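Given as structure tokens, the chain that follows is alone and in the form predicted alone.
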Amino acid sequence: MNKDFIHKTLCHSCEQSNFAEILNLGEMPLANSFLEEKDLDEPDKKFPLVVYFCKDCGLVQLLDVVNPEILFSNYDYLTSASKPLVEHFTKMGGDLSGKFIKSKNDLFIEIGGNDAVLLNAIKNKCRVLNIEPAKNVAEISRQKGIETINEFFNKELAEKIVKKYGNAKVVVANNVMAHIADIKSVFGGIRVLIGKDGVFVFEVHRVSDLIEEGNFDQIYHEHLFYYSLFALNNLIRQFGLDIFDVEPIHMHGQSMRVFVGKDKPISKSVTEFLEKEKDIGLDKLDTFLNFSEKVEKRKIELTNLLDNLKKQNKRIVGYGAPAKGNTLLNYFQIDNKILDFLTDTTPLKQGLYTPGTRIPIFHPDKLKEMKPDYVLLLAWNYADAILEKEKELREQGVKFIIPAPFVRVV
């Protein structure tokens, strides 16, 4: 892809053109394009952010695809900066290696393994390999002693890996299967990597989280797909593979852990999951049509609350600088006139500014130095852990505004 972005006219999965638009967020900056101080006067690069439903296969998707070299060649997100994620992926690595790894010679591959939190936890149990496209993050993975390939994953790379390392017993991809435009090449590559006996296990957001809760801030240019198990099943079967198990995961809102293999016995969890989705109506367009109304209602509630607090001269800051936060800040037009600053535990983001809204980002210690009246919790998916962590601040009278799944002050 030579251009900054392309507009696709065919579905990423079934390659038909039978679409309905379900949410239009307009032109938006890239959610992870944080700015240095010297760049503050430069205009943001903006791209269309519009969500579509495929009436033929049920896949909810973006058709405007930003060049992945722009999105992922350098990346400010580190898994290790989030304690809940470190705990989650360390446990996942242990669970999967315990279940599927039988020998130290078995190969365990992670696609988009970031700074190798999961692989680092199991590197003494088997051979491990990280495929990480971001140069800066791949280097951190290597420093941990994890063999790392700094490339975008596709079928061609899968064939090279099998030639050099053999087939994998386990391939994992967490929160990346929504990010890769050429998803059919990815599943073709997975089919090559796992051979006859391996398994592919991945975690993705569930589209029901968007629809039922109106959690639109999970929509940004990196997230091309918003999966139901129904749509995933339609995609995966094209490669002679089956979903043989599925588990709901309460991480990043509602997610699911999906197990894929060849000729594996299908767990009843799969049929039960698909039946629940049918009951919700995730295979029907009508279910998605009132989504934009929920988003507009949330926008009015939150912006009215913040405006009223500013009129009372209350000091408001933001907690966390996740990509999802930038979708919310930009679409709701919450900028540096409303939030004095954000705090974030990721060292790479500290000292930078948010795209579009130009809000400075500091180390979390800034909260204690400049005690605000209210804190807008942009990392709302970790609300329980954060509220517990900031118990002392709350006891001092600082109130937290949680914007999802509904606006509330605690």
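Predicted model only: the values in this text are computed from it and were never measured. Numbers follow the displayed sequence, beginning with 1.
Here the subject shifts to the form predicted together with a small molecule, a form of this protein not shown in this document.
- This chain is displayed without the small molecule, yet in the predicted bound form the stretch 313-321 from 313-321, 259-267, 126-134, 92-100 comes within 4.5 Å of it by heavy atoms.
- In the predicted bound form, the small molecule sits beyond 4.5 Å of every heavy atom of C14.
- Proximity of L85 to the small molecule in the predicted bound form falls within the 4.5 Å heavy atom cutoff.
- In the predicted bound form, the small molecule lies farther than 4.5 Å from every heavy atom of K399.
- The small molecule is not shown here, but in the predicted bound form it comes within 4.5 Å of a heavy atom of T346.
- The contact residue chosen from Y220, F200, F153, F273 relative to the small molecule in the predicted bound form is Y220, the criterion being a non-hydrogen atom within 4.5 angstroms.
- Screening L35, A379, V50, M28 for any heavy atom within 4.5 Å of the small molecule in the predicted bound form leaves a single hit, A379.
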